[in-house]
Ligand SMILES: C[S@@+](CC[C@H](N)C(=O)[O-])C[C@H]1O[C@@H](n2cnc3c(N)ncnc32)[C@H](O)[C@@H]1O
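There is one chain below, alone, in structure tokens, taken in the form predicted on its own.
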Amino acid sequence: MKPYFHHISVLKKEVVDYAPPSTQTILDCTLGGGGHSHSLLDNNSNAFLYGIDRDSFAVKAADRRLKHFNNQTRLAHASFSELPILIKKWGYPCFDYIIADIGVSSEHLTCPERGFSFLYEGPLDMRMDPKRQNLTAGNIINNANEHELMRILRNFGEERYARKIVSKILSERSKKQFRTTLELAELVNIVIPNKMKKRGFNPATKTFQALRIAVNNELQELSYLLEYSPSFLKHSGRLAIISFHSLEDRMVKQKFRNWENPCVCPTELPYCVCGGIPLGKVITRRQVKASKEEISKNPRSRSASLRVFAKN
């Protein structure tokens, strides 16, 4: 494993701009290389930042990046589901601003030995926390039954050709096990009809996305973040979440809407009787997307969508 962690944070300006005025306490739930945290501390000189990442290499990289803010940071190796334990350990701080950049990092995609990319030869790994996770993409591809493979590709990848891909995987693995990312990427490329391939979009994208989500239990982890974060916010605090695909964005969008309008009364009733109390309001009525300038410098930012919720 290389001794450094490279990650390009997306929508940094927008993340800073949506921070509440006079922000004093910040929680960065996805430190990455510390890009968002560094920008937030730069623009909120008196703030104290708590940060976590489920990738221990990212935590170490962020610690190096934020060395000039040593007295203003407290970092930990943890996932979203571990936040309640950490909050207790930290003395129950409440936050003005919580930020999360969901999904895979630049490091994961450009480091072949991590096994996330369909562009480079590497092991079928895809674990964001290799020190604490045992299940790999290779385990799934080589051992999961047909029903489970279909469920993963359809539910997590929304892959139209899931049945054909799974059928081919089952046929090929009966001869020999899948070992590398390129073996799997080439199989998917063969299965998907040429007429359905889009320029600039690798045919294996959805399959790799599905496996990554399954390996890292990403949607469940996101649900934990959405469940816990309101109780960690101050009454005027904000939650900002950046997502990169429709499954995540849909979860965030729906949860934000429910927080803003929790009423479940039938529409024909003249007034609310269910007792649902709004938690706050959605600040971003539409997805905030990267500027053309940012996309030209970092093409990955094209898929990023930012949504912000403000607690009352």
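Note that the structure is predicted; figures quoted are calculated from it, not measured. Throughout, we count residues from 1 along the sequence that is shown.
The same protein also has a form predicted together with this ligand, omitted here; what follows describes it.
Contact check for Cys29: a non-hydrogen atom falls within 4.5 Å of this ligand in the model of the complex.
Among residues of the shown chain, Phe156 is not one whose heavy atoms approach this ligand to within 4.5 Å in the model of the complex. None of the heavy atoms of Met126 is located within 4.5 Å of this ligand in the model of the complex.
This ligand in the model of the complex is not approached by Glu186, whose heavy atoms all lie more than 4.5 angstroms from it. Contact annotation: this ligand lies within 4.5 Å of heavy atoms from the stretch 35-43 in the model of the complex, the single such stretch among 249-257, 35-43, 263-271, 276-284. Contact annotation for 214-235: a single residue, Glu221, has a non-hydrogen atom within 4.5 angstroms of this ligand in the model of the complex.
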